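In the form predicted alone, a lone chain appears below as structure tokens.
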Amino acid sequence: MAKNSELRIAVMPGDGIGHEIMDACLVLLDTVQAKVGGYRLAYNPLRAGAEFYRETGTDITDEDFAAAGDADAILFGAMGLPEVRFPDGTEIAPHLKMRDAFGLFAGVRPCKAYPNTPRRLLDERAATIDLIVLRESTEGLFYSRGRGEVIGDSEARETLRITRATSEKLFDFAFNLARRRKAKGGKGMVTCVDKSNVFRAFAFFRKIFDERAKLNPDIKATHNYVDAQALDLIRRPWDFDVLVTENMFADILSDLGGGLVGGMGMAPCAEIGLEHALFQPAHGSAPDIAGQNKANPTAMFLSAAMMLDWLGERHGMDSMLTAARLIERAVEQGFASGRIRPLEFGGSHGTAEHTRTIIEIVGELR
């Protein structure tokens, strides 16, 4: 961390609605910073993504990639455009390279129900959904990205990889996360989601989970096969706390969780390693509504709150923890009071109106 409590934030708006939600987010971050005090964020704008690739033939320069690694945290908007692809047909996603280069093994995907948002489940308990899908983000099936083998026009192969070193870090992270949530009234439970009844790699994954669980007896440890977990996220999502699982399984389950609590506009994300962290909404770039003041910035705002929380914990700065809680409280109160009414939920608030309302609520909170 730099002197005088200044932290350097690599800012990458990316593509599509990434530009407008990032602009809104920086205004909110500046507002919260001014209200709370005690720290300063220094933004370093960097270009990356599909739009940049279309212009230059590269998704991110080596210099900007290095600058992201030197920052105290990385803040993303949204990356990718459906019509822009690498020659092999895969999407433009420089953050996937950052996961590997910066060791961002823990993908934290909160799924929390907010008041006055769409309910996909009729059960009244759906209002209490508050879980996290914890995604191992550097190996699993995604390990094979760029390594897959296509044999003529008859066969393609990808390899799933599970290692002890990464799994131990992931499970320790999961138990610590559940413990921190328990201190705030959470269930204090971690569920290992796998397919250990079929695949040796997942039997290995579960074995390591059970070993780490024994070191954390204050946190309840449970298991679920991924197919059963998908079913249970429809039948009884309110019963879960932290779900820890392999990369591809979590990629799917986290979107299912987002759908349960109103959609991907409500789905923040943090990708955390031992030394680096990247924060971004889990939704896409939505080019069909880009520049039209229609995007819901809630996931971007909550991702920024996660960034402040991580930085505050990492650097022992209570002011940043207070700032994170302030954003979370403003979002909660905004929906509870009905003052936030996103267009995607049938309301009248576009990105600008939503942002102004959140900033007003921040100013009112004590």
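Heads up: residue numbers just count along the shown sequence, starting at 1. Not measured: the values here are computed from a predicted model.
The form predicted together with a small molecule is left out here; the points below concern that form.
Between the options 232, 168, 255, 100, the residue in contact with the small molecule in the predicted bound form by a heavy atom within 4.5 angstroms is 255. Site annotation in the predicted bound form: the residue of 286, 96, 73, 177 reaching within 4.5 Å of the small molecule with a heavy atom is 286. Remark: of stretches 238-246, 259-267, 212-220, 119-127, the one touching the small molecule in the predicted bound form is 259-267 (heavy atom within 4.5 Å). The three residues 12, 271 and 304 each lack any heavy atom within 4.5 Å of the small molecule in the predicted bound form. Contact between residue 344 and the small molecule in the predicted bound form is found at the 4.5 Å heavy atom cutoff. Taking non-hydrogen atoms only, residue 296 approaches the small molecule to within 4.5 angstroms in the predicted bound form. Residue 358 falls outside the set of residues with a heavy atom inside 4.5 Å of the small molecule in the predicted bound form.
Contact check for residue 282: a heavy atom falls within 4.5 Å of the small molecule in the predicted bound form.
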